[in-house]
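Presented below, as structure tokens, is a lone chain in the form predicted alone.
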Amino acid sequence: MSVTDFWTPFELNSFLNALFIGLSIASIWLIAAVGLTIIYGTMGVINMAHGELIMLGAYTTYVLQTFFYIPFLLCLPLVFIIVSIFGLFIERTIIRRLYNRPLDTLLATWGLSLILIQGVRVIFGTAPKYVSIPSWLNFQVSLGFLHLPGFRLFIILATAALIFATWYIAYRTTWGIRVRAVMADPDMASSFGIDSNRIYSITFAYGAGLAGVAGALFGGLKTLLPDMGSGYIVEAFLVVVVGGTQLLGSIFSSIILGELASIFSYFTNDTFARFVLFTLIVIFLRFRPQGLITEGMKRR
């Protein structure tokens, strides 16, 4: 392979289009990571089954459409509710017994992910399933040399709406104040009458619901398979860790990582782009293990 075959020459219009595509990649990574950010940032729980919650959201959408004939847009809030209830069940039966035991939590959620994969495989089989998106989303936005499919634009807008809703709940509601109080000092929060266990349950359920919505949206992009969640969990954790486990940090890190992935893919190929991106992340975390934004920085 010659250098010209491996390295794409710079061309302004194509490069700007790659930057535009990078926003789409960033929105996908962010919506996959936002639920994990809530769970890990608030509770310190490393949920290895987060990818399977995304998968459950996709399959729940498939069931609602196939057997109940529910429109795609109406599926989104229903999926949020259904997966949130399942997340609440997980927290009450498994996670709650393993607080302050990170290794046990990691192993338990990893085992749960395997159970969920095999359970979906038994119920739905290994044949790929599909989520139907509205016909009015089958369009392409073309602004000169910029081209973006309508459904990817919808994902960007949906991601922005979910991030705004999450920010509003976290910083403009009483529940958000209580969550941040528990994050800062659980014992002090308890002395003021805040039920930490209840906060943890609702937070985990909310994060699970966000993962379910992410799965519903991803189902419109790709085929549904029982192990589809494993394709998102790595990027989700990278976004959370690089961002510093903060919501604002996850927004910045998803944009940076998405744009870098798109730029490297433009000049080389997807495989080499992932290699370079992961290498840069390792180097970054070596010198700044706390991530882009920490809680202390937010207070200042």
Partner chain sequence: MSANIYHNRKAQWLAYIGLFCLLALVPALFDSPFLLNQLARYAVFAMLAVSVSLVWGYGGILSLGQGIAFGLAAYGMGMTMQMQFQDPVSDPVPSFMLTNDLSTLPLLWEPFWSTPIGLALTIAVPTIFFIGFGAMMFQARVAGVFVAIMTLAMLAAWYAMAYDMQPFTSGFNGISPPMPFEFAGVSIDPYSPTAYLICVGFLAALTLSAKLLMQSKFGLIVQAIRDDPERVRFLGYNVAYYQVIVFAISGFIAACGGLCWVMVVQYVSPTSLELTLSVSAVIWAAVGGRLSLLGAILGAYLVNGLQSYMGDELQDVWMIVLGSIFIGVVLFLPRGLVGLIEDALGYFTGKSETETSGVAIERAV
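Residue numbers count along the first chain shown, from 1. Bear in mind that the values here come from a model prediction, so they are computed numbers and not experimental data.
Another form, the form predicted in complex with its partner chain, is not on view; read the next lines as being about it.
Quick one: 12, 213 and 223 and its partner chain in the predicted complex, is every residue within 4.5 Å by at least one heavy atom? Zero of three within 4.5 Å in the predicted complex.
Which is the contacting stretch out of 73 to 81, 126 to 134, 196 to 204, 92 to 100, given heavy atoms within 4.5 Å of its partner chain in the predicted complex? Contact-bearing stretch, as computed: 92 to 100.
Quick one: from 256, 28, 64, 241, grab the residue that has a heavy atom within 4.5 Å of its partner chain in the predicted complex. If I apply the 4.5 Å criterion carefully, the residue I get is 241.
Interface membership of residue 143, its partner chain in the predicted complex, 4.5 Å heavy atom rule: Result no; residue 143 lies far from its partner chain in the predicted complex.
Is residue 114 near its partner chain? Define near as a heavy atom within 4.5 Å, in the predicted complex. Looking in the predicted complex, residue contacts with its partner chain include residue 114, since a heavy atom lies within 4.5 Å.
Looking in the predicted complex, any heavy atom of residue 122 within 4.5 Å of its partner chain? Residue-level check for residue 122: yes, a contact with its partner chain.
Does the 4.5 Å heavy atom contact test between residue 173 and its partner chain in the predicted complex come out positive? Although its partner chain is absent here, residue 173 would stay clear of it in the predicted complex, with no heavy atoms inside 4.5 Å.
Pick out the residues of 261 to 278 whose heavy atoms come within 4.5 Å of its partner chain in the predicted complex. Heavy-atom contacts to its partner chain in the predicted complex: 269, 271, 272, 274, 275, 278.
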